[in-house]
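Only one chain is included here, represented as structure tokens and corresponding to the form predicted alone.
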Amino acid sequence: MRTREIISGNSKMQWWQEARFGMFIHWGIYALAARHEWVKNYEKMTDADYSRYFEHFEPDLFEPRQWAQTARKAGMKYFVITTKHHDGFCLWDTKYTDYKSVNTPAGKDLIAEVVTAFRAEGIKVGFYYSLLDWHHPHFTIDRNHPQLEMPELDAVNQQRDMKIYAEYMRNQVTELLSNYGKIDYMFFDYSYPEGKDGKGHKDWESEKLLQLVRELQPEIIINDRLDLMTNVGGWDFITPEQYKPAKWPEINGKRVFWETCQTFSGSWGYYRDETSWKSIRQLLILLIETVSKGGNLLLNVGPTARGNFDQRAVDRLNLMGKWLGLHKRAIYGCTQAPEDLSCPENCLLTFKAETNRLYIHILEWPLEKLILPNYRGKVAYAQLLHDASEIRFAQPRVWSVVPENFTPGDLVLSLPVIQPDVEIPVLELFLK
């Protein structure tokens, strides 16, 4: 069976490839606005306008153990939390700014409690850190800044020094990667070097930042948003956001490690009135399809300003966990099927090389029979995964009408008439 080479393969990525499913957490003072984490930008708020959220941030229902237990029960193996988002607010007790959780009514280092809680559930730790900062006095005002339309913009920017800001970032990242034990994953967000007011690796001094991260946490894996895509070791995986690649992504003809970050709805931060929430079926297909193309799914939760998860998210995570509890063998450690195994109609395939098992995720339940083109002689045994009930091979000669395009090399599986009582049934094929 043929597989294709993966670029920059290394042992650091092994746990991540096994995990396949993680939790993204976008949380900050924007949760009080409850209308998108970019609210400061979208509504062109000044620091004074935005300060009301800092002054009233009091997450009295914050219980990180519940967060971690929800993630574990959902089947998530790692998490990534926004230590600092674009608004510059910090969820830990940093020494380099007063704009932090300990100075709000919350009154404590929230990152420390989250890390402790998730580690206790056996979940690996990831940090998100924004390269943008709409609060820092030396971050030059650009096209993504809320104050882009302020008068005398050029004069204001002349008083700002991105070198000072780049040093500030390195100081903060040093804290994050020194004070909380082993950190498994780092997500920087994001570069936009195009245009005269863009920002890229020269602005962030990304080479220095990357070297610092590698020195402080040698086993950490890092995403692709430092504008260092052409640098050797400048990234470990790519991060398509809010879309599904049509196939396993490639660079220079070689497959790369990839992870899609996705939301339940249209916002990363808590958005009270947003209603375009994905169904459990959509979410499961998103997970399965991602793994079927060799990728990971990082699914986002935006906690409320009181510190609890939106019940809409909890309900969906519980249902995903219920399905994964029965079908984990078809997700964890799985990847794209070998190229000589075709995908039947209305199905998705995942494959585990370690056990040489193929998983057929049936999106539309067929009537009694499933034809596997050119599979004859390749399958030793078949069963439904959720209950390990045997699926027998059918013989075309007993059919009253032979299906169109059927060939002698096809394998026919005899299925029950009624779909099993699981959201998406999975067949487990033991290959020869």
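This is a predicted model, so every value here is computed, not measured. Sequential numbering from 1, following the sequence displayed.
A second form of this protein, the form predicted in complex with alpha-D-glucopyranose (GLC), is not displayed here; the remarks below concern that form.
Just one of 347-355, 188-196, 151-159, 280-288 has residues with a heavy atom within 4.5 Å of alpha-D-glucopyranose (GLC) in the model of the complex, so point it out. Flagged stretch: 188-196.
Classify residue 378 as contacting or not contacting alpha-D-glucopyranose (GLC) in the model of the complex by the rule of any non-hydrogen atom within 4.5 angstroms, answering yes or no. Because no heavy atom of residue 378 falls inside 4.5 Å of alpha-D-glucopyranose (GLC) in the model of the complex, the answer is no.
Going by a heavy atom distance of 4.5 Å, is residue 86 a contact of alpha-D-glucopyranose (GLC) in the model of the complex? The answer is yes: residue 86 has a heavy atom within 4.5 Å of alpha-D-glucopyranose (GLC).
Classify residue 225 as contacting or not contacting alpha-D-glucopyranose (GLC) in the model of the complex by the rule of any non-hydrogen atom within 4.5 angstroms, answering yes or no. Yes, contact at 4.5 Å.
Report yes if any heavy atom of residue 324 sits within 4.5 Å of a heavy atom of alpha-D-glucopyranose (GLC) in the model of the complex; otherwise report no. No, residue 324 is distant from the partner.
Quick one: from 339, 219, 315, 241, grab the residue that has a heavy atom within 4.5 Å of alpha-D-glucopyranose (GLC) in the model of the complex. Comparing distances to alpha-D-glucopyranose (GLC) in the model of the complex, the residue within 4.5 Å is 241.
Let me know the one among 359, 257, 268, 79 whose heavy atoms come within 4.5 Å of alpha-D-glucopyranose (GLC) in the model of the complex, would you? Going through each option in turn, the one that passes is 268.
Suppose contact means any heavy atom within 4.5 Å; which members of 143-159 contact alpha-D-glucopyranose (GLC) in the model of the complex? Heavy-atom contacts to alpha-D-glucopyranose (GLC) in the model of the complex: nothing from 143-159.
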